[in-house]
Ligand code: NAD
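Single chain ahead, by itself, as structure tokens, in the form predicted on its own.
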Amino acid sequence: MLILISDAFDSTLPQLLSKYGEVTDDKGRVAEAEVVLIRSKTKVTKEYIDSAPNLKLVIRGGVGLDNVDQDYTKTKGIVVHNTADASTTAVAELAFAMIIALPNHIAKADQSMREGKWIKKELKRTELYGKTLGIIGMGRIGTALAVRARAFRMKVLAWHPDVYFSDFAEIRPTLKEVMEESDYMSVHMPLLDATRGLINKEMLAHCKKSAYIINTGRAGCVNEEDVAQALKDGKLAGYATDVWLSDPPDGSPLFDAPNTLFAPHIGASTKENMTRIGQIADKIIFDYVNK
């Protein structure tokens, strides 16, 4: 059996998986591969699948599966797994780091000091204590974020299409209500037809002008042009994102917008998480081999 590691994983993974067969990172051998491990960079499209006639198992290191044509894999009998449990802590911690960094102007303060500027009077901070965090998508990561926000004595609201109760947040029946009540909003929805462009001009109109939005979920859930315009018009206080329509982004209207904070899709890229992803991939392949 040939196992193709198509994207960046922990350096120990090839040795860990070698007990199942040959392990390679040579993408030119995709036609031979029975198992392919991907992250966000590799796109398992119809064309990709047609180029891999021996493919039986795709493992996505991470949560989102929008880079896999799941309808077509089903027609080919290809099993698709993600490693959703692994990334919860890593992504929740990055989201909360961004929630802290935006109102404290951490990036702007650091940059100004390096430029020899002293802009103490210009950098007006606000506290998280007593503020309201609205979580858009109350799954594993949203729940982990809620736990962290409550430790900072924030009020936590949440909306999710099929979540009606949580021990960690007050569930609101509509996204509009969360947008209206929140000082901070953190996006943790999968990218589906129903969630594409979910945060758009219409929804942004319900935000407080002092509100911040953080996106460590999926870029396509947010209309970048609408967010950029809201920032320019002073209808939104700030926006932070770790996710992009392409990796790396081929330009974005957000780059010209004020009060932004960007990261290069590093939400899952902790040492600990990469180890966990490898362990879950090992278990998935073990079950596949021994089914």
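All residue numbers refer to positions in the sequence shown, first residue = 1. Worth saying up front: this structure is predicted, and the values here are computed from it rather than measured.
We do not show the form predicted in complex with nicotinamide-adenine-dinucleotide, though everything after this point is about it.
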property: Residue (of M138, L102, I199, V156) lying close to nicotinamide-adenine-dinucleotide in the predicted complex, criterion heavy atoms within 4.5 Å; result: M138
property: Candidate from V178, M189, A211, M98 lying within 4.5 Å of nicotinamide-adenine-dinucleotide in the predicted complex - any heavy atom; result: M189
property: Heavy atom of H265 within 4.5 Å of nicotinamide-adenine-dinucleotide in the predicted complex; result: yes
property: Close approach of A151 to nicotinamide-adenine-dinucleotide in the predicted complex, 4.5 Å, heavy atom; result: no
property: Partner contact for V243 in the predicted complex: nicotinamide-adenine-dinucleotide, 4.5 angstroms, heavy atom; result: yes
property: is_contact(S87, nicotinamide-adenine-dinucleotide) in the predicted complex, heavy atom dist at most 4.5 Å; result: yes
property: Candidate stretches 110 to 118, 67 to 75, 203 to 211, 161 to 169, one within 4.5 Å of nicotinamide-adenine-dinucleotide in the predicted complex by heavy atom; result: 161 to 169
